[in-house]
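Coming up is one lone chain in structure tokens, specifically the form predicted on its own.
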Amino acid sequence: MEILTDFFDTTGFATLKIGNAIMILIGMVFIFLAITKDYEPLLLVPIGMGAIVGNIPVAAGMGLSVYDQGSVLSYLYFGVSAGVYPPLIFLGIGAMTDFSTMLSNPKLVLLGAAAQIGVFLTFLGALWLGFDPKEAGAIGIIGGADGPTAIFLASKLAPNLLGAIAIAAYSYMALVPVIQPPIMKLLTTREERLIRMKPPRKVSKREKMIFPVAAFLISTMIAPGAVVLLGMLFFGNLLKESLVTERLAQTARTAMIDVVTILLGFAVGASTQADTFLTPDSLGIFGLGALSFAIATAGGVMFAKMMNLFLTEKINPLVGAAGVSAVPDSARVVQMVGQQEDPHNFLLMHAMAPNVAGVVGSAIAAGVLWSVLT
């Protein structure tokens, strides 16, 4: 009996806390939503499984968690804490992104910039709630709906909040089809949602090849702190558009980004241990993240309405909601909401312009915050 008692004391059942059980349940919910609702399954399945793994209690001194130096999980988590995974994700995104729609109608870039208002207003809100400036900057970037950017900035400014910020950012990315439509419908009239836009013009191959280099130079001169993220983004796009490195572009947008997504998602999930994750600060981050995302969506829609006051060729205001950088989910939501009013109104390609501009915009916003707050 003594042997059995000693054995039971080493099991997870003996040391399981209510917080661990809650986080394991949350991990299961993430997996359920990914499988049954198709909410960003490539992200939520690894994160959900990671949360379950990270909250299995182990005997003291075994050194198995992401926070135990020298453990296997700590090596996987190094790519998150050191900001290694996000630039690799950006490389893959660049290799699969077509900037043609943005180049064909450059004024739509402004919608991607307008959506970043959520970042800076949430930054001010976090300051008001008592977070220090670096923590507030890392929290604010959640409004860009860009998980890799949020992780990268949090690893530099607020490593202590990295787990909560990463989970919040990816959760709201997954919930784009739930959060955005009510805001879009609330801020637009039926007549505005019925606006049809002209098909985008054809962009030459030369424009596509010049763009990544020119855009990188302009963007990073504005925000040098974004040089790593934007450097990898536009490098990936150059691999795609140069037409002489297709094999490298194919690897970047398939095998490499898949491997990094698996490692990043699982490591982020495993970092959500109850004792470090279930805190008042984490709850505040989730609340601010939701507010940030809602403001960013509203900012894009309202800016499109304002632009229409000065344009002869009107923009469908729904397109402004794609200014957040959840690519391509926000653009798909714009298409879905638009077709609820008019099944023959195709807004997807137009929405991709502010959507990819939002990726660049969120990286620039992160670079500005990093430069100013460091």
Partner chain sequence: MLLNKTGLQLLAQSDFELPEPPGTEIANLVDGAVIALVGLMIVFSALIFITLFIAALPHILKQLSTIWPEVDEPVGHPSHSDSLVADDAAVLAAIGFVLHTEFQRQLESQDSSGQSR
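Numbering follows the first chain given and starts at 1. None of the values given here were measured: they were computed from a predicted structure.
The form predicted in complex with the partner chain is left out here; the points below concern that form.
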255, 178, 82, 124 - the one with a heavy atom within 4.5 Å of the partner chain in the predicted complex:
124
Could you check which residue among 113, 274, 232, 168 gets a heavy atom within 4.5 Å of the partner chain in the predicted complex?
113
Non-hydrogen atoms within 4.5 angstroms of the partner chain in the predicted complex: do 107, 211 and 371 all have one?
yes
4.5 Å heavy atom contact, residue 75 and the partner chain in the predicted complex:
no
Please determine whether residue 351 contacts the partner chain in the predicted complex, using a 4.5 Å cut-off between heavy atoms.
no
Using 4.5 Å between non-hydrogen atoms, is residue 303 touching the partner chain in the predicted complex?
yes
Using heavy atoms and a 4.5 Å limit, would one call residue 133 a contact residue for the partner chain in the predicted complex?
yes
Given that the partner is absent here, state which listed stretch (288 to 296, 179 to 187, 95 to 103, 266 to 274) has heavy atoms within 4.5 Å of the partner chain in the predicted complex.
95 to 103
Residues within 4.5 Å of the partner chain in the predicted complex, restricted to 201 to 219 and counted by heavy atom
201, 204, 205, 206, 207, 209, 210, 211, 214, 215, 218, 219
